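So this first bit is one chain, no partners, the form predicted on its own, shown in C-alpha cells.
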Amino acid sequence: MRPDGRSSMRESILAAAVHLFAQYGYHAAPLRDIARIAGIQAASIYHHYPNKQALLIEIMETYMLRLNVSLEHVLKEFDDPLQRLHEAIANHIRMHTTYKEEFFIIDTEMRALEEEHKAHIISLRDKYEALLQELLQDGMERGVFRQSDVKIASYAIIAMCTEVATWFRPNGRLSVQQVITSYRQFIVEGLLLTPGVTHMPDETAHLL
C-alpha cells in the first residue's frame, strides 16, 4: 500500500501547487501554503519533492510532454494534411481548456525556472512548434496549403488556440466542440490553397 499512498500524496501536493502557482504566481506561493492545501505538514513535502522548483519543473514537463505526444499521434494517425490540421487545432484547444491552470503556468512562469532547468522545458516547447511546422510544411509541399512562412503560421495558430483558455467557460454559450469548429474555419480558410474546402466531421480524435 505504501507506493500507492506516496503516489496519491504526490498528486495532492502537485494539485495544490498548480492551484497556487496559477492563482498567485510561482514566487508568491510558499511551500507552507502548498502543504496546508495538500493536508500535510510543511516539512513533509520534502519527502516527495526536494524544493518548490521541482514542483514547477514537474508541472511544465508533464503537460508539455502530453501536448507533444498528442500531436505526434496526430501526425502518425492521419495522412491527409487538412485532417491533420483539424485534429491539431482540436487537440490544442481541448488540452488548454481541460488543463487550463497547468498551461497558464507554462505560459507565464518560464522565467521562474532556474537556468539549469530552463533549456529542457524550452526544448519541449520547441519540439511542439517543430511538429506543427512539419504538419504545415507537408501541407504546403502537397499543394493543400498556400505557400507562407511556416514559422509565422505556426506561431499564429498556437497563439490563437492557446488564447481560447483565457475566455472559454465550460458553462458558457458555446461548447468546446463549437469553439473548435469555429477556430478550424478561421485558421484553415487562411491556409487553404483552394478556399471553400474546409469541412470535416465534428468528431475529433480523443487524444487526452
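This structure is a prediction, so every number in the text was calculated from the model and none was measured. The numbering used is simple: start at 1 and walk along the sequence shown.
What follows is about the form predicted together with the DNA, which we do not show.
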property: Contact flag, residue 178 vs the DNA in the predicted bound form, heavy atom cut 4.5 Å; result: no
property: Contact test in the predicted bound form: residue 30 vs the DNA, heavy atoms, 4.5 Å; result: yes
property: Close approach of residue 47 to the DNA in the predicted bound form, 4.5 Å, heavy atom; result: yes
property: Heavy atom of residue 146 within 4.5 Å of the DNA in the predicted bound form; result: no
property: Heavy atom within 4.5 Å of the DNA in the predicted bound form - residue from 156, 40, 165, 150; result: 40
property: Contact segment among 51-59, 66-74, 179-187, 165-173, judged by heavy atoms lying within 4.5 Å of the DNA in the predicted bound form; result: 51-59
